[in-house]
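Coming up is one lone chain in structure tokens, specifically the form predicted on its own.
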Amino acid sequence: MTDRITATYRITGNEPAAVAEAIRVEQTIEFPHDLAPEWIQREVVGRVEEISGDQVTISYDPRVAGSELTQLLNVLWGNVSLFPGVRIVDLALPESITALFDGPRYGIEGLRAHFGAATRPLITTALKPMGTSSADFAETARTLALAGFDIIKDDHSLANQPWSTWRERVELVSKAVAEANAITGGKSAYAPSLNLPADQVLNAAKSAAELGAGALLILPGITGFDSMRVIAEESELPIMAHPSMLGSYTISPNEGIAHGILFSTLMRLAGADITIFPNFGGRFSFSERECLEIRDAAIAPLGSIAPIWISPGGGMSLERIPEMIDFYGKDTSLLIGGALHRGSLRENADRMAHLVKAY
């Protein structure tokens, strides 16, 4: 099966063999199997490779993906996403598929060199809250850059609101970060959110670079995985991928897409350098096992596609930094946002930078 796309689905509440038969047809020809020409039945329709308990493994000829990420996603999870009690739990892609995609421009090693972070985790945060003016965001970013943060990203909900319009925010924050870098000699990067209408996203990525941004934040659950792939190919800026709107794919234990596949494998194919997801023990429901699954898939072999950084966040505190490094390892982009504003932002930012660099 090394030359085929291989997906393992877990079946709940139905007869696995019957569901496997339905999946292999539905995900390819969506046509009565017995009416299809014999060669289509043999070469185009998916093939049931194994049934083991409640899990079925189905392989697909790589040609059914049409050499495109959009169709690959459709084959893996198109109509079957409408089936109750079906969840993708494993995925193996042949070289003929992975070779189609450039993946992340930087990945782990590239960003280590980019930020001069040879052995440590990355230090990242988000500009909050919505309603703040662009000028005040710029001063916040200046403080964070002076403390030595690697990436200062927009909160994912910052778009083009009247309190801080997109272009004004990108211009002012980029300028403030550049001025701080000139003082420290550092390489702090501002990552504006490309949470914008479809006809503006690509131009916004180009404008962000022209205005001085040092990275990009993309929401593939909203703007699309393939949109992120296009930006990754055309922009030289590192990309952080945010999980907004992707939760429904993973929250149910019986339906959806496994955490590692969604937040790491697909993110890597689509060009993310850093994948953000909810850490265990925060305000979301991900377990330690699910978080480790994301970490492992972020660095697992995937053709020639580079491994990527993980960025667990969601209600994290400074006190948890040592625990998180112990748990995930040093290829982690530590993300603490709102907690930095409890008390002195400058003191908390300095403390976070010191904790990470000294740990």
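Numbers for residues come from their place in the sequence shown, where the first is 1. As the structure is a computational prediction, the values presented were derived from the model and not from experiment.
One more form of this protein exists, namely the form predicted in complex with a further copy of the same chain; it is left out here, but the text below deals with it.
Taken together, the three residues Ile222, Val230 and Leu246 all lie with some non-hydrogen atom within 4.5 angstroms of a further copy of the same chain in the predicted bound form. The listed set Ala138, Leu146, Ala159, Leu122 contains one residue whose heavy atoms approach a further copy of the same chain in the predicted bound form to within 4.5 Å, identified as Ala159. Of the residues given (Asp326, Glu38, Glu319, Glu30), Glu30 alone sits with a heavy atom within 4.5 Å of a further copy of the same chain in the predicted bound form. At least one heavy atom of Lys128 is located within 4.5 Å of a further copy of the same chain in the predicted bound form. Among residues of the shown chain, Ala182 is not one whose heavy atoms approach a further copy of the same chain to within 4.5 Å in the predicted bound form. Mapping the unseen interface onto this chain, Tyr106 falls outside it, with no heavy atom inside 4.5 Å of a further copy of the same chain in the predicted bound form. Shown alone here, Phe83 lies within 4.5 Å of a further copy of the same chain in the predicted bound form, counting heavy atoms only. Heavy atoms within 4.5 Å of a further copy of the same chain in the predicted bound form map, among the stretches 148-156, 113-121, 267-275, 91-99, onto 148-156 alone. Along 315-353, a non-hydrogen atom within 4.5 Å of a further copy of the same chain in the predicted bound form is carried by Gly338, His341, Arg342, in order along the sequence.
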